[in-house]
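One chain is shown next in structure tokens, namely the form predicted alone.
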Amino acid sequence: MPALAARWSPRSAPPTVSRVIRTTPFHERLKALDSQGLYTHWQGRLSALRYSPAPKHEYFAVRSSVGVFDTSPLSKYRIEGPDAERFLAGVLVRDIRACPPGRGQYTLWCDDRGFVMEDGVVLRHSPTEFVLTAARPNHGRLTDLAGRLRVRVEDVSDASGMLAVQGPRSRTVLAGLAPEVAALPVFAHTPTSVAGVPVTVSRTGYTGDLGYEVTVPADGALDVLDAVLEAGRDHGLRPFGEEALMVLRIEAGLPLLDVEWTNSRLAFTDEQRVTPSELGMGWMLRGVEDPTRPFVGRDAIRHELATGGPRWATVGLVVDPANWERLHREAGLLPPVHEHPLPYESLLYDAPTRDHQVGYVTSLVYSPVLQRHVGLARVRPELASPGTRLQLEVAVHHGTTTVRACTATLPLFDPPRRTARHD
């Protein structure tokens, strides 16, 4: 008899089976608002693709009123100790020493060769305590880099949920629950409470709009979510999923891991790798010559900048809407305006003859608010100036042709409310 059968019979309790796919602290409530039941797996947790038949409705909730997105699957690390600042200054590309308590930074971290591994947001809570979020697990690497420094890296991913509240009415909704939120500038954060639950609210997000993220203890997540949903009822609040988020983040010029770049440790070749400058994040390198901050990859980045610069420049791309329409109508087709990013890279040329490839598009989508196709692209540095005319390769009737496009400054959509202070 097989060993398992010898230990178990239909009359006994079944053997324990671990759950591979988990849910977030907000899932129980959000699934009741989900008419589609479509999920992807984000770090072993269910993440809604969309809540309604048309993700455009969710998109417009964020651009015109307020939407909520469950960002709980993000990995979260509490980094604390007398050497915490010194540790992060040696890991992160952006200089954490310039970030005072109560503020945060969007940042990158690299390998020894100066290629980007991942990105995330770090919030500074005190001179010796930080919280870093990342799209993928990084606990092992962070612990290894800590070495003998007086710093502790704790994975607190399961201890809390995170709810993004985004859109022009997000301040009104949250300030009604926690008045301190109204005065927060961009990338500031504050401890407060919602529905009697202690939370941290930061003015951050991944939509390129006015928005906040609420970090809440897992056991209080539903109480906080209920309070936010009720406060947003008269403001058109609705949950939005990953499909709407992809359109929002492309308009905002925000890169995505595994789309705009590959973690350098997982890439097979250097063609799959990018440096901070090539990813469009060269502005983070201010002070790279400072010898008191020898962060991982610094020497390689300095060498890149001193020997001709990056191979690529990241730019925005805007497709000529009249040319797009004519191209398809002449083929007897309705011009497609789907709000779904293309799942593959599109090539860029300097002329319709396609003799010389000069770059490629990493993300391309139709923007409802801009009413044209826009994207994130990587081009040769000499072609990075805004307004440079290029040709984008597209497929029509089982063959390829090109449509006119031009480079543009990122972000492609940048409403003043994103950074404006409260009136």
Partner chain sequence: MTERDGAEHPADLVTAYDAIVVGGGHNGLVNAAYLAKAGLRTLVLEQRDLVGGAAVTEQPVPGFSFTTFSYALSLLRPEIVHELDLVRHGFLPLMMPSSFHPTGDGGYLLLGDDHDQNVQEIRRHCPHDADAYDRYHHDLDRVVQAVQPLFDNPPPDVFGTDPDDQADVAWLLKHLGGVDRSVMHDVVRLLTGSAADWLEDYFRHEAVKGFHASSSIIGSKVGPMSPGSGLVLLFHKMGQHDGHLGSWAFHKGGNGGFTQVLARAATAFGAEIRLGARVASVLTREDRAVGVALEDGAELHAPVVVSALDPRRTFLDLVDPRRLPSELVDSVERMRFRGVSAKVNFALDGLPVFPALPPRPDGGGVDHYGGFLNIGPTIEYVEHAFDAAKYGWYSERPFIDAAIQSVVDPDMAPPGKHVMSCFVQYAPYELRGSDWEAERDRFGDTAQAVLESHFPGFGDLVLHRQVVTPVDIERVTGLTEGNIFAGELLAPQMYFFRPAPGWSRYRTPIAGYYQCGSGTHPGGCVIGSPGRLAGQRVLRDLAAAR
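Residue numbers count along the first chain shown, from 1. Note that the structure is a prediction, hence the values are computed from the model and not measured.
The same protein also has a form predicted together with the partner chain, omitted here; what follows describes it.
L334 is the sole member of A306, L266, A351, L334 with a non-hydrogen atom within 4.5 Å of the partner chain in the predicted complex. The single contact residue among G282, P321, G81, P217, judged by any heavy atom lying within 4.5 Å of the partner chain in the predicted complex, is P321. Heavy atoms within 4.5 Å of the partner chain in the predicted complex map, among the stretches 352-360, 393-401, 31-39, 380-388, onto 31-39 alone. When the partner chain is considered in the predicted complex, E339 lines it closely, a heavy atom lying within 4.5 Å.
Although the partner is absent here, E325 is a contact residue: one of its heavy atoms lies within 4.5 angstroms of the partner chain in the predicted complex. None of the heavy atoms of G176 is located within 4.5 Å of the partner chain in the predicted complex.
The closest heavy atom approach of R50 to the partner chain in the predicted complex falls within 4.5 Å. Along 362-377, these residues reach a heavy atom to within 4.5 Å of the partner chain in the predicted complex: Y366, V369, L370, Q371, R372.
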